[in-house]
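As a starting point, one isolated chain is supplied in structure tokens, in the form predicted on its own.
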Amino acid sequence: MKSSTPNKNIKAALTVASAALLGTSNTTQAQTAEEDSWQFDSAFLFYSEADRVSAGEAIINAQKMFDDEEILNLKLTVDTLTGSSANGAVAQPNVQTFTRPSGNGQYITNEADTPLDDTFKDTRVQLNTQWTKPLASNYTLSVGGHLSKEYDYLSLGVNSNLAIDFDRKNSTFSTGFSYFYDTFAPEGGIPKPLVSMLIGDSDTPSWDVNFAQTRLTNDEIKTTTDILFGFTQVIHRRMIMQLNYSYSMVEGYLSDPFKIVSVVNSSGLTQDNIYESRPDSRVKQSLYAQSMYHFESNVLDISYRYMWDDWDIISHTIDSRLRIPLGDIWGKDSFLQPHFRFYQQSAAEFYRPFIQEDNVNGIEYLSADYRIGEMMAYTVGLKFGAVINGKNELSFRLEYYRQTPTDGGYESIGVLSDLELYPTIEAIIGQVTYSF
């Protein structure tokens, strides 16, 4: 990205935030490309959880601005994930054996350890395109497409956004729409909800037949429709604010075929492991507010997001960044940017860290996935950037992430009270970005 003073791009950055909420990944309006020239942004990100998942991601973003102010944006993302992921079962005072999602073989969890599936591995290739075109002096239309392919997952999407300026371009109203069609075809197929995980010798002649009886189908579909309304207002020459409301409706297969729930007795000992079951629809709504203030030299960017859905999940997100110019200490236009993010979430109505065997009958929805449980999380980090060769920007970002799941009011019983059922998750995030 070619360098520019922070206050020039404040309104553009907030407009981009609207598109980001709809998953458009459009950065075109926040950049200052010269007409009829290509501009490139590249980044490499590394994410690593202690003893769990690690991910590497490479991004290349290309943008071309034409002489009629039309903008073409292309973004390619390639990432890989490896490591171990929690399968949803609770820890036990004894060794536990689980069947791999494919049905081929088993894996073992030691006593008192959180059960982790060590087969977690995937590679994703994603392409986003965006075309932005002024329709009139105060109207700007943006349309785009999305393609993402993993080993067992295909996602196709389209999006559009219309921005209307008024009050001498100090105010902007925007409305956006996106639609995604996703196909999930995990190895081993889609498990039947609330059916017991098959345990045993996978080399026996009857294994394939018995395993197939626990499968529902080979693949499933999910669709997502997002609608957004946004308003951006320049308060004065140093301050700008944005307010957004978004509505998202997801329908289709929303369970995680790799997650199970432990069925325990009154002593807390596991008697069975069953596949989770989630509703086939979810409606999410959110309110988002962002403000950027340009001091004499520093720029403060702070936002708040309130989300609620019909699964009874409510979340609060506070995100803040402070851009601090370093003057000529580290080169022209060099800066430091501290970052702090806080996240709090309540549990879904059907979340249970485990279920007692007397309560299984008659239950319809059930999940022990900590990602839809009660939790708090925070991220702290620092970014350093500088302009090199007079026009290209190089930046480094290092952050620490800590997620703390809680019991959500579910009392541990028997042997479970002596085990760590809600382990803290810690991760390190590193990123290098080069724009040219």
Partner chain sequence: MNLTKKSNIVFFIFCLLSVSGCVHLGVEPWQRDLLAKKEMALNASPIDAALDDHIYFSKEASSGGKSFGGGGCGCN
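Numbering follows the first chain given and starts at 1. Note that the structure is a prediction, hence the values are computed from the model and not measured.
Just so it is clear, the following notes concern the form predicted in complex with its partner chain, a form of the same protein that is not shown.
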{"property": "Site check S102, D219 and F384: each within 4.5 Å of its partner chain in the predicted bound form by heavy atom", "result": "no"}
{"property": "Listed range touching its partner chain, judged in the predicted bound form by heavy atoms within 4.5 Å, from 356-364, 132-140, 196-204, 252-260", "result": "252-260"}
{"property": "Contacting member of S277, Q92, Q242, S334, with respect to its partner chain in the predicted bound form [4.5 Å, heavy atom]", "result": "Q242"}
{"property": "Contact residue in the predicted bound form, chosen from I190, M307, L326, A112 - any heavy atom within 4.5 Å of its partner chain", "result": "M307"}
{"property": "Contact of T406 with its partner chain in the predicted bound form (heavy atom, 4.5 Å)", "result": "no"}
{"property": "Residue contact check: G88 to its partner chain in the predicted bound form, 4.5 Å heavy atom", "result": "no"}
{"property": "Distance check, L45 to its partner chain in the predicted bound form, heavy atom within 4.5 Å", "result": "yes"}
{"property": "Touches its partner chain in the predicted bound form: Y351 (any heavy atom, 4.5 Å)", "result": "no"}
{"property": "Partner contacts in the predicted bound form for 268-293 (non-hydrogen atom within 4.5 angstroms of its partner chain)", "result": "R282, K284, S286, L287, Y288, A289, Q290, M292, Y293"}
